[in-house]
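Below sits a lone chain in structure tokens, taken as the form predicted alone.
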Amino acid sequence: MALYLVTGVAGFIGSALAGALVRQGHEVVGLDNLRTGFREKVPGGVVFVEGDCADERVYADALPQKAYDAIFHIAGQSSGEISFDDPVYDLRTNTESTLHLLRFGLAHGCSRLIYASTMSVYGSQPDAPVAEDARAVPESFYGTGKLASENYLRLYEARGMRSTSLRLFNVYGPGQNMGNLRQGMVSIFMAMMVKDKHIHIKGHPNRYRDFVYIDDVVRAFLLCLSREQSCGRILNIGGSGKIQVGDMVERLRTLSKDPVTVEYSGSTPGDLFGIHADGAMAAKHLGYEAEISLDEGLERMYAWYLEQTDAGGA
């Protein structure tokens, strides 16, 4: 049995990852400030600490002072659009928090950190699968902060912290916050479809993304623990390959038993026209390939969401 620290444990990805680690029989300490997460999402068996990763006092006063086998840093503000509201907060939660965790880990004998980065670090790219060595020119404060954290991780390699940054593409699936209409393309459109029978899309239908199901994302994080060759690397974690936004929306509409109207108008600050992953490095160094197709993932998520709405949740 190993001991792991998971930040953002009350959020979408963090709670799913922590749950998987608990099911494997590991001991998990979870940290979350509950600003966007929910206490009820923290899996049973997790030692929960309420606190902010960007607050230096948390590391001395709240977290168990133990030798963790690895730290999974999932917490952070994760919307490019929202990052324009308060760039200073975005910097603190996505970058300063990483520095605190690096120092905390090394001070307590932990030499492994796995980081949830993002495809937003790339900025605008040609219409081709983007590889990890592409020039990164982020177009949002969110992407800028994430890229800075990747560079801090690189510098800390020389101090003994073996790290892996996973550049996640558009993650979706059961457990996503369906009430947040400024974060998560699939979740936003699915929530609109179910509640309003109308989907308002900011931008052109020919924009494109790479959609990756939550179970595949969790598996990628877990693979980092057993693949030493992933240390010191930045790896893309994609799923569906290139999918146009209009195509994804039409797939959603086929799931609804009711007619759904669609409107394309407006735009989002810092939004990319299109991006999709070159997964060769993840396949080579993690043995990772997505297992859940977009159609299967949407069906699973839709069934979960209907169950939640029928039960008065989500």
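Numbers follow the displayed sequence, beginning with 1. Source: prediction; values computed, not measured.
There is also a form predicted in complex with a small molecule; it is not shown, and the following applies to it.
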Give a yes or no on whether every one of L34, S117 and Y142 sits within 4.5 angstroms of the small molecule in the predicted complex by heavy atom. yes
Should G11 be classed as touching the small molecule in the predicted complex when contacts are defined as heavy atoms within 4.5 Å? yes
Under a 4.5 Å heavy atom criterion, is R209 part of the interface with the small molecule in the predicted complex? no
With a 4.5 Å heavy atom cut-off, would you call G76 a contact of the small molecule in the predicted complex? yes
Taking the small molecule as it sits in the predicted complex, is N170 near enough to touch it, meaning that at least one heavy atom pair lies within 4.5 angstroms? yes
From the candidate stretches 49-57, 276-284, 261-269, 248-256, select the single one in contact with the small molecule in the predicted complex, where contact means a heavy atom within 4.5 Å. 49-57
As a check of understanding, the residue in S83, N236, S149, T93 with any heavy atom within 4.5 Å of the small molecule in the predicted complex should be identified as T93
